[in-house]
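Quick heads-up: it's one chain on its own, the form predicted on its own, in structure tokens.
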Amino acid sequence: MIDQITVFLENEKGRLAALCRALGDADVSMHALTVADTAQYGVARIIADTPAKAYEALNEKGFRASLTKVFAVEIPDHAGGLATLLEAFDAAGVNVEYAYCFATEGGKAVDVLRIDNHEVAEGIITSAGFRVIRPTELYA
């Protein structure tokens, strides 16, 4: 599993830019960023090259950040690649709370998954023919 930085943001002008500036000033590079919003707040989820450093930098700047354990799974970057993995979770009765992905080189993508049953998730991933990406492979 890898560390994802989760940040609660007020839904107001400039907040996302300030978050990105705080990471940039701390020399943290983002591999992935996703933001879900409501009228009052947003939730930013970030995969960074140095998650502990990102977490510290954001908290020092007054953001409400936390580290969340998630799976990073290598997925073939073609139509239906992710569907096969998600169907394996469905068949096993394991819920995927949320997911997002980013493309990498070599015809592969990385899908980030928050799964409610960590104990069985890795077995499902490997049994379905996919590979869990380790922190040392993803972080700089």
Partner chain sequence: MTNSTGRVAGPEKYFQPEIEKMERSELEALQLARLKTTVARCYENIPFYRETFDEAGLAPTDIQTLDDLRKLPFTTKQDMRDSYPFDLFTLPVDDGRVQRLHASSGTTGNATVVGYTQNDIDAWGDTFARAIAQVGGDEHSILQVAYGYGLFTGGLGAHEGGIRIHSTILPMSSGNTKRQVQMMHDFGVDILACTPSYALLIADTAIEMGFDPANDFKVSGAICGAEPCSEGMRRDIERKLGVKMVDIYGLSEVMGPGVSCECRHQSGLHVAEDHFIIEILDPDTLEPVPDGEYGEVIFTTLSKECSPLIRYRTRDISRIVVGTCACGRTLRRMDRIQGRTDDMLIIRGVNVFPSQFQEVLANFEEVTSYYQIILSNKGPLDHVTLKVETVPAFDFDEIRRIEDLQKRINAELKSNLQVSVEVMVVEPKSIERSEGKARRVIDERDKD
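Bear in mind the structure is a predicted one, so any value in this text is a computation, not a measurement. Positions refer to the first chain, counted from 1.
Here the subject shifts to the form predicted together with its partner chain, a form of this protein not shown in this document.
Engineer: Are all three residues Thr34, Thr84 and Glu122 in contact with its partner chain in the model of the complex, where contact means a non-hydrogen atom within 4.5 Å?
Structural biologist: Zero of three within 4.5 Å in the model of the complex.
Engineer: Hey, in the model of the complex, is Ala91 touching its partner chain, heavy atoms inside 4.5 Å?
Structural biologist: It does not: once its partner chain is placed as it appears in the model of the complex, Ala91 has no heavy atom within 4.5 Å of it.
Engineer: With a 4.5 Å heavy atom cut-off, would you call Asp25 a contact of its partner chain in the model of the complex?
Structural biologist: Although its partner chain is absent here, Asp25 would stay clear of it in the model of the complex, with no heavy atoms inside 4.5 Å.
Engineer: Taking any heavy atom pair closer than or equal to 4.5 Å as contact, tell me whether Phe102 reaches its partner chain in the model of the complex.
Structural biologist: Taking the distances in the model of the complex, the answer for Phe102 is no, it never comes within 4.5 Å of its partner chain.
Engineer: Indicate whether Tyr139 is a 4.5 Å heavy atom neighbour of its partner chain in the model of the complex.
Structural biologist: It does not: once its partner chain is placed as it appears in the model of the complex, Tyr139 has no heavy atom within 4.5 Å of it.
Engineer: Quick check for you: of 26-34, 103-111, 43-51, 75-83, which stretch puts a non-hydrogen atom within 4.5 Å of its partner chain in the model of the complex?
Structural biologist: That would be stretch 43-51.
Engineer: Which residues within 1-24 place at least one heavy atom within 4.5 Å of its partner chain in the model of the complex?
Structural biologist: Those in contact are Gln4, Thr6, Val7, Phe8, Leu9, Glu10, Arg15.
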